[in-house]
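Shown next as structure tokens: one chain only, the form predicted alone.
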Amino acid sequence: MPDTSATASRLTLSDLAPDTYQSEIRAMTTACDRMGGINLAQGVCDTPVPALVEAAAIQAIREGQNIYTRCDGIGRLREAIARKQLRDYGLAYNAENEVLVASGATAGYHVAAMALLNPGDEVLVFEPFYGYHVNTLKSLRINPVLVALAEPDWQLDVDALRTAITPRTRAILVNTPANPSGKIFTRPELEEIANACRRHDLFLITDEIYEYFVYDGARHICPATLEGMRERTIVLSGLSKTFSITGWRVGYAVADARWMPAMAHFHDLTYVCSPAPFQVAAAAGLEQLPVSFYTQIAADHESKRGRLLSALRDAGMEPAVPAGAYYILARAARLPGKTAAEKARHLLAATGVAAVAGSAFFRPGRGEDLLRFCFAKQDAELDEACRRLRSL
């Protein structure tokens, strides 16, 4: 018999694998599902799909639009995205070579990192951060450098930003409106970030998936509109949140024509294409839904935000008021547990309401007194969650 001991010793996980784990968001969703609770942990966005978008998907499937598309998406959807960017931000993109339909905004981010960044490069990421932003970089051997925003309002610390830039810095990542804080970066803050990008010749990667979820008269600004930023900005967004189709995986990236061929190559290599019939449905939504649809999204979620804020205050959890997105960070000091993860599990056991440990969005040692709640829920379920939280 051959000696396999030496061979067996080589059967190990990769160097990256020990840092890869089930996210706290997924873990809480699993725990919530196990007990049949109400999931305010994951941003699944289970509000109704617009009727015309739903009907267009069904029709596309029945018509046989079920095969591969171009790796960068169908022309109809790319053109609809280009028109949307022009309508909303005055940004002109060529639908043929500056728009990529991605398998979710997450895929757009992944392929942008593969196309534009090298192992060992540094990317500045603002803290609190979305875990996928950080872990995607790590998975590609790119180094995320965390830049803490100033509490309690998560304002940009300009000195911290400038100090964090090194010769290895290749890009800055901005999520606005932000997950998990709900922060909307202001024009002066974005100007400071743009100045840093121009001064040090950096890419700017912007995740704008919550662009229509803005409250209290706030306004989302696309950083690519700032002077000298279009050529160096990779804009990521999608329809997952806007149309409540998180499971359909239809996102997009828009960028200068110099960067798009490489991004499309890696999208083909890793995802092939976004689901064909859902691309058709997303195009129908962008073409046919009126501007009032998008303003109504903000109004509906502002109402949901108010109800959950009230319940969290009544539960003694001191919520911060988010300006955008659909998450609330709340203080959980009064809940039993030494860590935020323990506090979240106590809350789930006591009320059947799942939240995410705030530590999932910070470097080790931070966020342990915070929980994140999602309010993108159907009204009846959200109201029941509020009732249960008040029972605390």
Ligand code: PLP
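In this text, residue numbers run from 1 along the sequence as written. It should be emphasised that the depicted structure is a prediction, and the values quoted were computed from it without experimental measurement.
Absent from the display: the form predicted in complex with the named molecule. The rest refers to it.
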- Message: So in the model of the complex, is the named molecule close enough to Arg232 to count as touching (4.5 Å, heavy atoms)?
- Response: no
- Query: Hey, in the model of the complex, does His133 get a heavy atom within 4.5 angstroms of the named molecule?
  - Reply: yes
- Task: Although the named molecule is absent from this view, report whether Phe185 comes within 4.5 Å of it in the model of the complex, heavy atoms only.
- Result: no
- Ala105 within 4.5 Å of the named molecule in the model of the complex, heavy atoms: yes
- Among 119-127, 134-142, 209-217, 279-287, the region lying within 4.5 Å of the named molecule in the model of the complex by heavy atom distance: 209-217
- Would you kindly say which of His110, Lys241, Arg78, His301 lies with a heavy atom within 4.5 Å of the named molecule in the model of the complex? Lys241
- May I ask you to choose, among Arg198, Lys84, Arg249, His265, the residue with a heavy atom within 4.5 Å of the named molecule in the model of the complex? Arg249
